[in-house]
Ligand code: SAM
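Before any questions on binding or motion, here is one chain by itself as structure tokens, the form predicted on its own.
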């Protein structure tokens, strides 16, 4: 017997909570995600457990990371999550995914209906800990997903697709209309699969590569040579030399460069300017 809707905790706007409330879409998400019966899956923000209850019978184990203690207590007081589900009362931004990976003895497979106000932070955290993550199936505001999936030369292309695209392949699984959530958000949501892989061109210093990308898009309407001036106190002449060595025209803007172009520039500057941002 399901818990009565009237007794359920109210979503907290401060935590960005919007609970999935449609069994059919939960089934579609799990079917498209690609989990296997022997998987241990990390669920970020299980909430009231709509995805959890659909996922648990199909995998070996589910480990949920839930910040809101009210939700954990409510589900435990009613029907629970199932014998193969463990919920940890933690903030998904503070969790060590490397620590969980070492605990489980395997790279992680992750799923989550993320609070939209921290979705970019979660992405960058997963990128930082990418060596411990196999893939992640995550729900975003459609606008964020569109940016994540954008390509060079488009208005949405920016820091997010470059840094995530450096080490991952990204695919759209499905869009979800607002009416399938409680409370109903004002935007369409999109489920995206992010499969981590070795980069095409390895950055000598990933932290500097990230800094360079952010600097380039921080002044995205300027020519790249101008946008990068003052970056980590690097001499302007070295910037021109790096662009020339990578075969990149000085007149191009950040939105016209592919991921490997940014890596090439960063690596060249690391070599010639002896950059150290750590």
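Residue numbers count along the first chain shown, from 1. All of these numbers come straight from a predicted model, not from anything done at the bench.
Not pictured, yet referred to below: the form predicted together with S-adenosylmethionine.
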Contact label in the predicted complex: residue 163 to S-adenosylmethionine, heavy atom within 4.5 Å: no
Residue contact check: residue 201 to S-adenosylmethionine in the predicted complex, 4.5 Å heavy atom: no
Contact of residue 20 with S-adenosylmethionine in the predicted complex (heavy atom, 4.5 Å): yes
Contact label in the predicted complex: residue 66 to S-adenosylmethionine, heavy atom within 4.5 Å: yes
S-adenosylmethionine in the predicted complex reached by all of 152, 158 and 216, non-hydrogen atom within 4.5 Å: no
In the predicted complex, the one of 191, 126, 114, 108 near S-adenosylmethionine [non-hydrogen atom within 4.5 angstroms]: 114
In the predicted complex, the residue from 187, 118, 207, 104 that sits within 4.5 Å of S-adenosylmethionine by heavy atoms: 118
One stretch from 248-256, 218-226, 39-47, 235-243 that, in the predicted complex, holds residues within 4.5 Å of S-adenosylmethionine by heavy atom: 39-47
Contact set, 181-202 vs S-adenosylmethionine in the predicted complex - heavy atom within 4.5 angstroms: none
